[in-house]
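Let's start with one chain on its own, the form predicted on its own, as structure tokens.
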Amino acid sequence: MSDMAVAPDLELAPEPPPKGLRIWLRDNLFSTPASGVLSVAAILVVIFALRGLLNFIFDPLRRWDAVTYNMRLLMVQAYPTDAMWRVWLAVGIVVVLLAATFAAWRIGGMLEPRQVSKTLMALGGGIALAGILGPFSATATVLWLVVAAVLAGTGFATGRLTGDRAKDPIIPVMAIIGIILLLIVVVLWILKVPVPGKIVEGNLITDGAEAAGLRGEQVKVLRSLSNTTRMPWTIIFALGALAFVSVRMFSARAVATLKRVLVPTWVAAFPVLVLILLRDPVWRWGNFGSVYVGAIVGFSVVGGVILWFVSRPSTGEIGRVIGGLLLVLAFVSFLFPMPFVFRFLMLALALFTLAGPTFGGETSRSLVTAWVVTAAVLSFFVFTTASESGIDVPGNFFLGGLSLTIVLAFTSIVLSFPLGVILALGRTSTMPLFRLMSTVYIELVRGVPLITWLLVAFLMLPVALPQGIEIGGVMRAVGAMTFFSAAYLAENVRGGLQSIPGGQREAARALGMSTVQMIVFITLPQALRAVIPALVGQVIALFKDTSLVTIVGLFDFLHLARAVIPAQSQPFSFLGSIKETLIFAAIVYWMFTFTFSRISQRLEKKLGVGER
């Protein structure tokens, strides 16, 4: 009997689930009679709300020319026209640094074609709905529908042409951003925006200087953007793209070197751009030689000796005692009349001394070198800040509008973070004095609204300062927001510290680590990683809270949109345009906060927050 081969049972692949528009609607919107009723009601609410919003935005009576005509006022307020190149240069430097950073760290990643397809089709559907519901003419409605069809068709083609690779991440995110920037440049050169004009004796005058004092009918006209706006943006985007492509072509060794350069460059960029490039200080080098050179030399020598002593392993706890005494002496120095550079150098030396026992040892020479460089750089920036600004503007600060909002927000964020970490460590400390001081500060500051602290800084702080010491309004606002935000950051960081298992602390002690080493290298990095969502939420809240400075009279972005532009009557009247300007301000605030939120989500995903 011959052997007979038996065919094995083959497992067939499961049939794909049914799909299509009807199936999706049934599963997501009309699965039950109740959900169907609720879905219809929600759709009607969205349609009526969208129709009302479009009618408001595209109403011919809306004064959007109040925004477009005053765009420069909203961005930089009274910054001189002949110095605007400084603003464009600062923006260009930031864009180039961003592009180089994205390229060096390979930021962006890849997208799946199906994600891009769904996004484009949804965007096309939204534009088509807006074109149908909006108060447009037949020609404009057709144009909206054409744009919607192009987007939807592009999305559909993207999903179809990729076929089996639709779920593979093959589309670079940075390529999409490059296309968007290219489209923005094209729009800048073809866009026409509404601006006000006056018809005087049959002639249309759209320039504010020429229209001042002339009586006539005020009308709105469409004009292209000026070359002083679209040309700088075109050059900036081109330089950013060139920087990105150039860095991506670097070798691995060159990229590693660039990374080491970019980090200190970013640290120095903000003070250099704000205090030197935009402020244009009038340096009086005679004062620098008589006061600051002596301070640099004296503190470098004395500080170098102290740091060399406290960083030796044999010094032990005496080093921290010396650092504590220097910290007390630094705070006491603010009560006596002396040059500001001495106060700041004493405070910096106290912090270096406290860190000496932790970061010293074999790196004592590097610590001393870092102190000498810090003393020189800090003295130079104090000298620069004390110098008069060469930018001639009304008021006591050279920036206004959105630029002032950005300076207030980022300065407060940078200063409040280390202070919040110190307060969190103090509140979790085993030393009763530090724990009590931190607790009292946090509870006192959090128990009072920010607007109250702003009023305290503007009304009561000048009375409490020693004679001869004056602090400008912007610096008072920065101080109030810094101390207020630090209290909330401290509680966020404290929550992260308490989430660290006690076994890790015991392991650190078993390895012979000191308390400071355990905090710096073990617990604090994990605590900060765990509370990234809360920290970014605090950053977003602080950025929006900068709008409160309008109460104390600073000409920030919201103050100009809320009070200045709607009160303009000359050369063109924008009385009653507060709705338009406030909507524009809300959109700008949303753009910044949404960007922060997306960056936070990508950072959380990269670090695996909540996953491991």
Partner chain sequence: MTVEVRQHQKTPLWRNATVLKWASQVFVLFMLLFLFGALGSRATDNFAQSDISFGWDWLSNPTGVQIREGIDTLPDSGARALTVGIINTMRVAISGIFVATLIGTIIGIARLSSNWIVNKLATVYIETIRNIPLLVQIFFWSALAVGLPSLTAEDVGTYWFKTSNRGFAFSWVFPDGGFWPWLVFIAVGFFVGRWLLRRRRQHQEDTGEPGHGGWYMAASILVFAVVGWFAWPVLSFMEPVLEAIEKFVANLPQIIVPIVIALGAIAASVWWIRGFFESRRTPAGFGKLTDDDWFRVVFAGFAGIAIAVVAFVIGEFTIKTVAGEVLSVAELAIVGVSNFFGWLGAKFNATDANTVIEGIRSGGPLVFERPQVILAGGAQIPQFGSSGMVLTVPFFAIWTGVTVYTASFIAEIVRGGILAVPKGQTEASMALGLKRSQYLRQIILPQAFRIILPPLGNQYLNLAKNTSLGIAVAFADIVAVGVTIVNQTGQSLPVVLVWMAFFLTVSLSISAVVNYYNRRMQLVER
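The structure presented is a predicted model; accordingly, all values stated were derived computationally and were not measured. Residue numbers count along the first chain shown, from 1. Heads up, when I say rigid core I mean the largest set of C-alphas that superpose within 1.5 Å between the two forms.
One more form of this protein, predicted in complex with its partner chain, exists but is not displayed; see below.
Visitor: I need the one stretch from 445 to 453, 80 to 88, 225 to 233, 194 to 202 whose residues put non-hydrogen atoms within 4.5 angstroms of its partner chain in the model of the complex.
Guide: Answer to the contact question: 445 to 453.
Visitor: Given that the partner is absent here, does T550 sit within 4.5 Å of its partner chain in the model of the complex, heavy atoms only?
Guide: Yes, T550 is a contact residue.
Visitor: I'd like to know if P264 sits close to its partner chain in the model of the complex, meaning any non-hydrogen atom pair within 4.5 angstroms.
Guide: Taking the distances in the model of the complex, the answer for P264 is no, it never comes within 4.5 Å of its partner chain.
Visitor: Although the partner isn't part of this model, could you tell me whether F331 comes within 4.5 Å of its partner chain in the model of the complex, counting any heavy atom of the residue?
Guide: Contact check for F331: yes, within 4.5 Å of its partner chain in the model of the complex.
Visitor: Could you confirm whether P432 comes within 4.5 Å of its partner chain in the model of the complex, counting heavy atoms only?
Guide: Answer yes; at least one heavy atom of P432 falls within 4.5 Å of its partner chain in the model of the complex.
Visitor: On the criterion of a non-hydrogen atom at 4.5 angstroms or closer, are L459, R562 and I578 all touching its partner chain in the model of the complex?
Guide: Per the other structure, all of L459, R562 and I578 touch its partner chain.
Visitor: Find the only residue in A138, I190, A464, L183 having a heavy atom within 4.5 Å of its partner chain in the model of the complex.
Guide: Checking each option against its partner chain in the model of the complex, the one that comes within 4.5 Å is A464.
Visitor: Considering P169, G294, G126, G324, which brings a non-hydrogen atom within 4.5 Å of its partner chain in the model of the complex?
Guide: When its partner chain is considered in the model of the complex, the option within 4.5 Å is G324.
Visitor: If we check its partner chain in the model of the complex, which of the residues in 556 to 586 reach within 4.5 angstroms of it by a non-hydrogen atom?
Guide: Stretch hits, in order: L558, R562, I578, K579, L582, I583, A586.
Visitor: So, superposing on the core, is the move of S429 at the CA at least 2 angstroms between this form and the one not shown?
Guide: Result for S429: yes, a 2 Å-plus shift.
Visitor: Is S333 one of the residues whose Cα moves 2 Å or more between this form and the one not shown, with the core superposed?
Guide: Passes the 2 Å threshold, so yes.
Visitor: Given a core-based superposition, decide whether the C-alpha of T141 shifts by 2 Å or more between this form and the one not shown.
Guide: Shift at T141: below 2 Å after core fit.
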